[in-house]
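Just one chain is shown here, as structure tokens, and it is the form predicted on its own.
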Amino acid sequence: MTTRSTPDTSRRSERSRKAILQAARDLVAETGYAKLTIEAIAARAKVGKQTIYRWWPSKGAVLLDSVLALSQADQDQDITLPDTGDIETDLKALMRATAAEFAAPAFAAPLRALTIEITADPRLADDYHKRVAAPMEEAKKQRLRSAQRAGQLAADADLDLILDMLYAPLAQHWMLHSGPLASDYTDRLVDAVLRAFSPRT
């Protein structure tokens, strides 16, 4: 006697979710964010529109999850950055990785679109801050505090200002499509910031 197994709806749902996120990334790279629609995502992913709306309130929310899935940034566990004991080495590795991620073709278009949409959608901006920006910022500050305890940064260094000085030039260069970064650009950023915030002698 042959028995039929019950379909695994959770597996089917996960396949649909991944197809939707991939479709959103592909379409925004092909057509730009302005022409991205829920209808187009649904058609590309071969799902119904209601399937998308059941999981996400807007195309911006779909795009946020698509970027998080690509970078594996949406983690329930705490983020901890590498600590070799040398803040220069660790910051240079972190900044090089960030520049490489910005330059990756699969990542650049959806992230650029997401960055623009955040400025117009307060709900999406709040979601992004809670899920991405705030955890990463705290992880970076933990690493900087460790450097302060080791005497590699001034004890009274403004950690928010350090992060702004590291990331703002990189973000501006990227957002303005200023062309590929010189291979040592992020290293020079780190060198300049560490000189500005080194312990006073």
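Residue indices: 1-based, along the sequence shown. Just so it is clear, the model here is predicted, and its values are computed rather than measured. Rigid core here is just the name for the largest C-alpha set that superposes within 1.5 Å across the two forms.
One more form of this protein should be noted, the form predicted in complex with a further copy of the same chain, which is absent from this view; the next part is about it.
- Interface residue remark: Tyr167 is counted as part of the site for a further copy of the same chain in the predicted complex, having a heavy atom within 4.5 Å.
- When a further copy of the same chain is considered in the predicted complex, Arg131 lies well away from it, no heavy atom lying within 4.5 Å.
- Although the partner is absent here, Trp56 sits far enough away that none of its heavy atoms falls within 4.5 Å of a further copy of the same chain in the predicted complex.
- Using a 4.5 Å cutoff between non-hydrogen atoms, His173 counts as a contact of a further copy of the same chain in the predicted complex.
- Stretch 158 to 166 is the contacting one of 158 to 166, 39 to 47, 59 to 67, 23 to 31, since its residues have non-hydrogen atoms within 4.5 Å of a further copy of the same chain in the predicted complex.
- Shown here without a further copy of the same chain, the chain has Arg112, Thr115, Ile116, Ile118, Thr119 in 82 to 119 lying with a heavy atom within 4.5 Å of that partner in the predicted complex.
- After superposing the rigid core, the C-alpha of Ala155 moves by less than 2 Å between this form and the one not shown.
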